[in-house]
Each structure stands twice: as C-alpha cells, then as structure tokens.
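Let's start with one chain on its own, the form predicted alone, as structure tokens.
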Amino acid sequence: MPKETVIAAAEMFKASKFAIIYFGMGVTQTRARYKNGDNVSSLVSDLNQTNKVVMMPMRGHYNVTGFGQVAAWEAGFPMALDFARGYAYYNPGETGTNDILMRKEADAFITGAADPGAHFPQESVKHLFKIPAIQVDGYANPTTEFSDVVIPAAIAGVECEGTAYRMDCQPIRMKKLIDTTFKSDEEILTDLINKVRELKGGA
C-alpha cells in the first residue's frame, strides 16, 4: 500500500467526529487471523484518544451477528468456542471450525442455517465428506449434497417467530407469517439434546 494512501486515511480519521472501521474476512481469515483484529483494535484505541471511532465486522449472511451475540453473553466469547474442557475455551486459529476440520480432528459435524459446503476451504469440505454430517436448515444448499442427515427447519420470521440481530447488534423480534409442519431450529436442537441425554442415561 502506498505511503500516501496510509497518510490520507490517517488524515481522514483525524478530521472525523465519528468513524467506523468495517472489516471482513480479509482481516479475519488471512495470515495472522486474530492478530490482524488486534491491530485494528489497537488503531481504534489510539484514534479514540481524540475522536470517536469503532470497529464493526461486515457480516455476510443473515443473522450471523445473532450467533456472535448469543455466544458472547452465554459463554463470554463470540465464536471459536471449545467446550471439551467442560467450560468455554476460546483461541481462534486453534478452536475455530475450520482449524479443527483442517487438522481432521472432527469425527462428526452438525450445522444449522449455514453453508460450509459453499464457503469453507476445500480441505475442510473434503474432511466433511469423510465424517457423518447433519444439516438443520430451511433451505437446500451445497452442504445438503454431502450431509448424511438433513432436517428441514421452519424459517424464522416467516414460518415461526424468532429474533435476528442486525449487523450493528440490534435485536429484531420477528413474528410468524404462515403456518408450517416444520419445527423451528430451536425445537429441533432441543429434541436432539434430549434424545442424546436419553441415550446417555440422563447425563
């Protein structure tokens, strides 16, 4: 990046009263991963000495922000959660879904309202073909093609009520518009949890 571009950006920030740095997968999924985020965060911290500046992720899919919000207030971290120790452990680059798939550590996979078949790296998807995969989704997509079990779910805001989060983390409560025979993803996952507990003897 030319020096002039960096200087121009710095001058723009200095002249602003309120600025937002939007960042996407170029920051989070390239070399250094979360360290890139640390650098952006440090820049925001420095800029806040004189201005009001925040950073906000650019979310690519519907209600991705919702997962991050719920994970954060339930477990203390917005993503890459590992509960193998009996508590929430967070270390992007080690505990993220792609990290685990790339190391071929996962022996089963369940996905809900997402499409790893279309968006995960090729090596991750290759491993998904080799292990049992379950999909819970209101729509068929590339992940459907290799999933061993596909459970159709009601679409929140259309076939069932629910809450979605805007990209700026504001929750929006949605009503049901039409009836369906499908269960909501919440009901499906609750049923699965109860069945697993039953099979494990109520553990």
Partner chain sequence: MAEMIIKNGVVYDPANGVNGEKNEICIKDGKIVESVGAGARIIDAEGCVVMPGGVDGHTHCAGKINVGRVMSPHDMRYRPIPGLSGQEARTKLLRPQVGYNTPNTHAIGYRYSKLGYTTIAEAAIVPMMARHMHEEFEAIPILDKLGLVLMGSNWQVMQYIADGDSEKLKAYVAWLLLAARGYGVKVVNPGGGSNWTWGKNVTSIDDKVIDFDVTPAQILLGLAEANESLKLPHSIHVHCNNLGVPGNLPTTLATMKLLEKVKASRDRQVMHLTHLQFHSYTGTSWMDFTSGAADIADYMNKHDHLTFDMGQVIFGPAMTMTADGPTEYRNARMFDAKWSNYDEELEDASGVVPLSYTPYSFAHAVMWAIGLELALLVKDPWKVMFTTDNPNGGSFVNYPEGQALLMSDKKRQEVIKGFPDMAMDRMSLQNIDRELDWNEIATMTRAMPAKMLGLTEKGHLGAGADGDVAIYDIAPEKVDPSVEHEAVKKALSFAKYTIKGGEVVVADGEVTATPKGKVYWVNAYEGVLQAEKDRLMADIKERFAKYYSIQLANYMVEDAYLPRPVEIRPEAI
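What we label the rigid core is the largest C-alpha set whose atoms superpose within 1.5 Å from one form to the other. Positions refer to the first chain, counted from 1. Just so it is clear, the model here is predicted, and its values are computed rather than measured.
Note that the form predicted in complex with the partner chain isn't included here; everything after this is about it.
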Q. Can you pick the one in Ala75, Ala113, Leu128, Ile100 that has a heavy atom within 4.5 Å of the partner chain in the predicted complex?
A. Ala75
Q | Selected contact from Cys169, Val149, Ala32, Ala140, since only one has a non-hydrogen atom within 4.5 angstroms of the partner chain in the predicted complex | A | Cys169
Q: Mind telling me which stretch in 86-94, 128-136, 114-122, 100-108 gets its heavy atoms within 4.5 Å of the partner chain in the predicted complex?
A: 86-94
Q. Do Gln69 and the partner chain share at least one heavy atom pair within 4.5 Å in the predicted complex?
A. yes
Q: Evaluate Phe18 for contact with the partner chain in the predicted complex, applying a 4.5 angstroms cut-off between non-hydrogen atoms, and reply yes or no.
A: yes
(Q) Against the partner chain in the predicted complex, would His61 count as a contact residue? Criterion: heavy atoms within 4.5 Å. (A) no
Q: Answer with yes or no whether Leu177 is in contact with the partner chain in the predicted complex, where contact means some heavy atom within 4.5 Å.
A: no
Q) Is Gly157 among the residues whose Cα moves by 2 Å or more between this form and the one not shown after superposition of the rigid core? A) no
Q.
For a quick test of reading the superposition: does Leu192 move by 2 Å or more at the CA between this form and the one not shown, rigid core aligned?
A. no
